[in-house]
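Read the single chain below, which is given as structure tokens and is the form predicted on its own.
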Amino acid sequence: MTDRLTSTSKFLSYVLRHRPDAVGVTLDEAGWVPVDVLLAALARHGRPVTPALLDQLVGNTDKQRFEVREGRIRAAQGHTIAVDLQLAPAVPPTVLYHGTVARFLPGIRVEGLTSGERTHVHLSSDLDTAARVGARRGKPVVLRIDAAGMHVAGLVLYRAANGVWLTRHVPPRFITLPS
């Protein structure tokens, strides 16, 4: 991804996940904003994005951070503001993974995985993705999550449009920590 594409993607993530007011837009209850409204607001705030660049961000990146439907856009997940992504509960695979770093393991042993400032804990269906996520903060540690056990215990999991699995909390008993 080019520097312009990366910086624009990060800024859009910031706006659509955390601070829509930074450019003067309001998200609806499900996190959507009309594309034309967003593009006009970005231009007014000195961060112009062309429709072609937006298409690249939505369709040509491996992270698929954004969804576009019926002329509207939203972040696929990762919000710190209250939105209802309107995802249906889903039956997860047997095992999911979470990438983190060693300094967080003491808290995870006690509290499990919590969403912190975000609305959901993010889980991956493969080791490589979890390792890449963990590597953003240092040397990655990948946790194995007993997703089938969570489901049987009545904990709800959702699958975002980009394949990321979401849940409110992963209790410690469903986490296998590295030895």
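As the structure is a prediction and not an experimental result, all values here were calculated from the model. Sequential numbering from 1, following the sequence displayed.
One more form of this protein should be noted, the form predicted together with a small molecule, which is absent from this view; the next part is about it.
Proximity of D36 to the small molecule in the model of the complex falls outside the 4.5 Å heavy atom cutoff. The closest non-hydrogen atom of H151 lies beyond 4.5 Å of the small molecule in the model of the complex.
Taking the partner from the other structure, the small molecule in the model of the complex has a heavy atom within 4.5 Å of a heavy atom of H98.
Although the partner is absent here, G112 lies within 4.5 Å of the small molecule in the model of the complex, judged by heavy atoms. Taking the partner from elsewhere, every residue among H122, V133 and R136 has a non-hydrogen atom within 4.5 angstroms of the small molecule in the model of the complex. Proximity to the small molecule in the model of the complex, defined as a heavy atom within 4.5 Å, singles out one entry of L85, A90, I81, I108, which is I108.
Of the candidate stretches 36-44, 22-30, 49-57, 113-121, only 113-121 has residues with heavy atoms within 4.5 Å of the small molecule in the model of the complex.
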